[in-house]
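Consider the single chain below, provided in C-alpha coordinates and representing the form predicted on its own.
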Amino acid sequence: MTAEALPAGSFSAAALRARHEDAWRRATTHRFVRELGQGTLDDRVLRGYLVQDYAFVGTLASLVGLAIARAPTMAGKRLFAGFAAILTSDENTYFQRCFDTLSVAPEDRADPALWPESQRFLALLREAGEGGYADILSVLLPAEWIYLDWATALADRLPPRFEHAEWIALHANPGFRDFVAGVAREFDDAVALLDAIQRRRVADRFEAMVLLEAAFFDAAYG
(Lines give C-alpha, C1' and ligand atoms only; values in the text may rest on other atoms or scores of the structure.)
Protein backbone atom coordinates (compact mmCIF):
# COMPACT_ATOMS: atom_id res chain seq x y z
CA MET A 1 0.00 0.00 0.00
CA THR A 2 1.41 3.38 -0.96
CA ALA A 3 1.57 6.35 1.34
CA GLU A 4 -1.10 8.06 -0.75
CA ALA A 5 -3.46 5.14 -0.16
CA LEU A 6 -3.01 5.21 3.60
CA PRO A 7 -5.77 7.23 5.25
CA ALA A 8 -4.53 9.80 7.75
CA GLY A 9 -5.91 7.86 10.70
CA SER A 10 -3.83 4.75 9.91
CA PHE A 11 -0.68 6.64 8.93
CA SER A 12 1.17 6.33 12.21
CA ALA A 13 4.59 5.59 13.65
CA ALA A 14 3.55 2.00 14.37
CA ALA A 15 2.18 1.53 10.85
CA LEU A 16 5.36 2.81 9.21
CA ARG A 17 7.54 0.63 11.39
CA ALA A 18 5.44 -2.42 10.53
CA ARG A 19 5.82 -1.68 6.81
CA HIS A 20 9.61 -1.87 7.17
CA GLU A 21 9.92 -4.71 9.65
CA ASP A 22 12.55 -6.63 7.66
CA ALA A 23 14.84 -3.62 7.32
CA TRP A 24 14.20 -2.73 10.96
CA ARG A 25 15.20 -6.20 12.08
CA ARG A 26 18.32 -6.09 9.94
CA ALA A 27 19.45 -2.91 11.68
CA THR A 28 18.56 -4.01 15.22
CA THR A 29 20.21 -7.44 14.92
CA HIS A 30 23.20 -6.39 12.82
CA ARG A 31 26.62 -7.95 13.34
CA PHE A 32 27.80 -4.60 14.72
CA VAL A 33 25.09 -4.68 17.37
CA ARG A 34 25.77 -8.31 18.30
CA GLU A 35 29.51 -7.79 18.65
CA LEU A 36 28.98 -4.59 20.62
CA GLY A 37 26.79 -6.46 23.10
CA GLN A 38 29.25 -9.34 23.35
CA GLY A 39 32.16 -6.97 23.93
CA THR A 40 33.98 -8.44 20.92
CA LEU A 41 33.67 -5.48 18.57
CA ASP A 42 37.04 -4.77 16.96
CA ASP A 43 38.55 -1.42 17.96
CA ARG A 44 39.15 -0.56 14.31
CA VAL A 45 35.47 -1.01 13.55
CA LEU A 46 34.37 0.92 16.62
CA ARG A 47 36.83 3.74 15.95
CA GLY A 48 35.61 4.21 12.39
CA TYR A 49 31.98 4.06 13.45
CA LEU A 50 32.39 6.62 16.23
CA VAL A 51 34.39 9.04 14.08
CA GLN A 52 31.74 8.94 11.38
CA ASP A 53 28.83 9.10 13.83
CA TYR A 54 30.31 12.09 15.61
CA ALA A 55 30.67 13.88 12.27
CA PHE A 56 26.91 14.41 12.16
CA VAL A 57 26.12 14.80 15.87
CA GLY A 58 26.34 18.56 15.45
CA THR A 59 23.89 18.48 12.54
CA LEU A 60 21.61 16.21 14.56
CA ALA A 61 21.71 18.66 17.48
CA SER A 62 20.80 21.48 15.09
CA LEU A 63 17.87 19.44 13.76
CA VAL A 64 16.68 18.87 17.32
CA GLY A 65 16.90 22.63 17.79
CA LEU A 66 14.60 23.06 14.81
CA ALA A 67 12.22 20.53 16.37
CA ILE A 68 12.14 22.67 19.50
CA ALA A 69 11.37 25.74 17.40
CA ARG A 70 8.65 24.07 15.34
CA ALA A 71 6.95 21.95 17.99
CA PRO A 72 3.41 23.33 18.32
CA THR A 73 3.11 22.72 22.06
CA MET A 74 5.24 23.39 25.11
CA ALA A 75 5.24 19.65 25.84
CA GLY A 76 6.89 18.98 22.47
CA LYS A 77 9.43 21.74 23.01
CA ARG A 78 10.29 20.34 26.44
CA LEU A 79 10.66 16.83 24.99
CA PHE A 80 13.28 17.90 22.47
CA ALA A 81 15.00 20.34 24.80
CA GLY A 82 15.72 17.45 27.15
CA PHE A 83 17.16 15.39 24.31
CA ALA A 84 19.32 18.29 23.14
CA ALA A 85 20.76 18.55 26.64
CA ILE A 86 21.78 14.86 26.56
CA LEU A 87 23.27 15.10 23.06
CA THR A 88 25.45 18.03 24.02
CA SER A 89 26.53 16.66 27.43
CA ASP A 90 26.50 12.93 28.26
CA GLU A 91 26.67 11.72 24.67
CA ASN A 92 29.31 14.24 23.65
CA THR A 93 31.40 13.30 26.68
CA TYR A 94 31.16 9.61 25.75
CA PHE A 95 32.54 10.34 22.28
CA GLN A 96 35.44 12.36 23.65
CA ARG A 97 36.40 9.67 26.17
CA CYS A 98 36.28 7.03 23.45
CA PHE A 99 38.39 9.16 21.13
CA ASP A 100 41.01 9.49 23.84
CA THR A 101 41.00 5.76 24.62
CA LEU A 102 41.07 4.72 20.96
CA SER A 103 43.75 7.29 20.03
CA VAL A 104 41.66 9.12 17.46
CA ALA A 105 43.68 11.87 15.79
CA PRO A 106 42.52 15.49 16.22
CA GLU A 107 41.78 15.88 12.51
CA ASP A 108 39.55 12.79 12.56
CA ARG A 109 37.63 14.19 15.50
CA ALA A 110 37.06 17.56 13.89
CA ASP A 111 36.92 17.00 10.13
CA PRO A 112 37.11 13.35 9.01
CA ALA A 113 36.80 12.09 5.47
CA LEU A 114 33.17 11.00 5.29
CA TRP A 115 31.89 7.64 4.11
CA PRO A 116 29.21 7.77 1.42
CA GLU A 117 26.74 6.54 4.04
CA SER A 118 27.69 9.43 6.33
CA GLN A 119 27.18 11.88 3.50
CA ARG A 120 23.74 10.42 2.86
CA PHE A 121 22.96 10.66 6.56
CA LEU A 122 23.92 14.33 6.64
CA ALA A 123 21.92 15.04 3.50
CA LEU A 124 18.84 13.36 4.94
CA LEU A 125 19.06 15.35 8.18
CA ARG A 126 19.54 18.63 6.33
CA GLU A 127 16.70 17.96 3.89
CA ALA A 128 14.38 17.15 6.79
CA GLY A 129 15.35 20.42 8.44
CA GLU A 130 14.15 22.30 5.37
CA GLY A 131 10.67 20.84 5.78
CA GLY A 132 8.05 21.07 8.47
CA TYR A 133 7.74 19.52 11.91
CA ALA A 134 6.56 16.16 10.55
CA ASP A 135 9.55 16.02 8.19
CA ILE A 136 11.94 16.47 11.10
CA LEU A 137 10.19 13.78 13.12
CA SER A 138 10.21 11.40 10.15
CA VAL A 139 14.00 11.03 10.42
CA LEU A 140 14.50 11.54 14.15
CA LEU A 141 11.94 8.92 15.13
CA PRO A 142 13.28 5.88 13.23
CA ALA A 143 16.89 6.79 14.01
CA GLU A 144 16.33 6.91 17.77
CA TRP A 145 13.74 4.13 17.89
CA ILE A 146 16.08 1.66 16.19
CA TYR A 147 18.79 2.48 18.72
CA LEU A 148 16.34 2.05 21.58
CA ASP A 149 15.34 -1.38 20.28
CA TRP A 150 18.79 -2.86 19.81
CA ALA A 151 20.17 -1.31 22.99
CA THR A 152 17.25 -2.56 25.09
CA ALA A 153 17.87 -6.08 23.83
CA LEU A 154 21.48 -5.86 25.07
CA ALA A 155 20.96 -4.02 28.34
CA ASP A 156 20.53 -6.99 30.69
CA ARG A 157 24.17 -8.03 30.35
CA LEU A 158 26.53 -5.19 29.58
CA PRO A 159 30.04 -5.91 28.28
CA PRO A 160 33.00 -4.93 30.49
CA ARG A 161 34.56 -2.10 28.48
CA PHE A 162 33.00 1.34 28.84
CA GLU A 163 33.31 1.98 25.09
CA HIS A 164 30.76 -0.78 24.51
CA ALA A 165 28.70 -0.66 27.70
CA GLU A 166 28.07 3.07 27.85
CA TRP A 167 26.92 3.27 24.23
CA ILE A 168 24.32 0.65 25.07
CA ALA A 169 23.35 2.32 28.36
CA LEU A 170 22.91 5.72 26.71
CA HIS A 171 20.17 4.17 24.55
CA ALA A 172 18.66 1.72 27.03
CA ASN A 173 17.28 3.63 29.99
CA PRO A 174 13.84 4.86 31.07
CA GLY A 175 14.52 8.43 30.03
CA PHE A 176 15.45 7.50 26.48
CA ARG A 177 12.51 5.10 26.24
CA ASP A 178 10.17 7.89 27.31
CA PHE A 179 11.76 10.22 24.77
CA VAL A 180 11.20 7.82 21.87
CA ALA A 181 7.62 7.22 22.98
CA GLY A 182 7.10 10.98 23.12
CA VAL A 183 8.51 11.47 19.62
CA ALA A 184 6.16 8.75 18.33
CA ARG A 185 3.19 10.60 19.85
CA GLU A 186 4.35 13.88 18.36
CA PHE A 187 4.76 12.16 15.00
CA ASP A 188 1.26 10.71 15.05
CA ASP A 189 -0.23 14.10 15.92
CA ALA A 190 1.81 15.85 13.21
CA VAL A 191 1.06 13.45 10.35
CA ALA A 192 -2.66 13.54 11.10
CA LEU A 193 -2.59 17.09 9.76
CA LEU A 194 -0.84 16.25 6.46
CA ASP A 195 -2.32 15.77 3.04
CA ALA A 196 -1.54 12.74 0.85
CA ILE A 197 1.48 14.27 -0.89
CA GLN A 198 2.99 15.34 2.42
CA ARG A 199 2.41 11.90 3.91
CA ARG A 200 4.22 10.30 0.98
CA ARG A 201 7.23 12.58 1.53
CA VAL A 202 7.30 11.76 5.23
CA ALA A 203 6.98 8.02 4.53
CA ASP A 204 9.86 8.17 2.06
CA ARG A 205 12.10 9.89 4.59
CA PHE A 206 11.16 7.42 7.32
CA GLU A 207 12.04 4.52 5.02
CA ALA A 208 15.31 6.10 3.93
CA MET A 209 16.43 6.45 7.54
CA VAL A 210 15.55 2.85 8.40
CA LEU A 211 17.55 1.56 5.42
CA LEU A 212 20.45 3.86 6.16
CA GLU A 213 20.88 2.63 9.73
CA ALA A 214 21.81 -0.89 8.59
CA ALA A 215 23.91 0.48 5.72
CA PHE A 216 25.89 2.58 8.19
CA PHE A 217 26.65 -0.49 10.30
CA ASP A 218 27.69 -2.32 7.13
CA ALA A 219 30.08 0.50 6.25
CA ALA A 220 31.86 0.20 9.60
CA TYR A 221 33.25 -3.13 8.39
CA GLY A 222 34.20 -1.84 4.96
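Note that residue numbering follows the sequence shown and begins at 1. Just so it is clear, the structure is predicted and the values come from calculations on it, not from any experiment.
In what follows, reference is made to the form predicted together with a further copy of the same chain, a form of this protein that is not presented.
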Task: Exercise: residue 114 in contact with a further copy of the same chain in the predicted complex, heavy atom 4.5 Å - done: no
- [ ] Would you check, heavy atoms only and a 4.5 Å threshold, whether residue 172 touches a further copy of the same chain in the predicted complex?
- [x] no
Open item on the list: Please determine whether residue 66 contacts a further copy of the same chain in the predicted complex, using a 4.5 Å cut-off between heavy atoms.
Closed with: yes
Task: 4.5 Å heavy atom contact, residue 62 and a further copy of the same chain in the predicted complex - done: yes
TODO: Heavy atoms, 4.5 Å, a further copy of the same chain in the predicted complex: which of 103-111, 74-82, 143-151, 118-126 makes the cut? Say which one.
DONE: 74-82
Open item on the list: Please identify the residue among 197, 193, 57, 181 with any heavy atom within 4.5 Å of a further copy of the same chain in the predicted complex.
Closed with: 57
TODO: Taking a further copy of the same chain as it sits in the predicted complex, which residues of 83-110 have a non-hydrogen atom within 4.5 Å of it? Please list them.
DONE: 84, 85, 88, 89, 92
